[in-house]
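In the block that follows, a single chain appears as structure tokens, in the form predicted on its own.
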């Protein structure tokens, strides 16, 4: 009749089908959950320098340093299907050369079990805030937004933007570096 290998194959195929159905059930129970929460972003200091750009022709580019505060309670995002959150603070602005510029200034990974409440004060940019020209000087509409990717155990990887952003006017003058 049926050999041991045939029965083992049937048992394995059935077990795999049950696990696939359970994984789909895990996904569908959290697929339509709202994952946006209120975010408060405040900027305490913006400095702007005009530095030599070594990546291309010998021109000068704007380099900004932003000091910011972030407050957000991400507890409601975590459920049994969330493995981790990848948070990032981005700046969006337009210049005469580019209609849309997007720069990531800071990021953080919050694992399940970590404290999901953010109370960050006087944080500095983790990454350089370069503009490929002089589009930051006097720019009145640089918008900072906190967004995150939800990394689930099973299912889609949604990109969520927090329901709060901050528009920052940049200075009209460059900060000069003191050489001693």
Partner chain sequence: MLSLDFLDDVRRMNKRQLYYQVLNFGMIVSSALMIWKGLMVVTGSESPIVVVLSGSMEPAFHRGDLLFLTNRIEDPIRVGEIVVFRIEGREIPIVHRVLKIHEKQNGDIKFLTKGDNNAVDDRGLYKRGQHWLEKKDVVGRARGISNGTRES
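Nothing here was measured: the structure is a model prediction, and the numbers come from that model. Positions refer to the first chain, counted from 1.
The discussion below concerns the form predicted in complex with its partner chain, not included here.
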Heavy atom within 4.5 Å of its partner chain in the predicted complex - the one residue of 23, 17, 9, 167 that qualifies: 23
Looking at 151, 123, 43, 37, which has any heavy atom no more than 4.5 Å from its partner chain in the predicted complex? 151
Of 123-131, 66-74, 43-51, 28-36, which is the one stretch near its partner chain in the predicted complex, taking non-hydrogen atoms within 4.5 angstroms as near? 123-131
Classify residue 156 as contacting or not contacting its partner chain in the predicted complex by the rule of any non-hydrogen atom within 4.5 angstroms, answering yes or no. yes
Taking its partner chain as it sits in the predicted complex, is residue 78 near enough to touch it, meaning that at least one heavy atom pair lies within 4.5 angstroms? no
Indicate whether its partner chain has at least one heavy atom within 4.5 Å of a heavy atom of residue 113 in the predicted complex. no
Quick check on residue 4: any heavy atom within 4.5 Å of its partner chain in the predicted complex? no
For the heavy atom contacts within 4.5 Å of its partner chain in the predicted complex, list the residues of 80-110 involved, in sequence order. 83, 84, 86, 88, 90, 93, 97, 98, 99, 100, 101, 102, 103, 104, 109
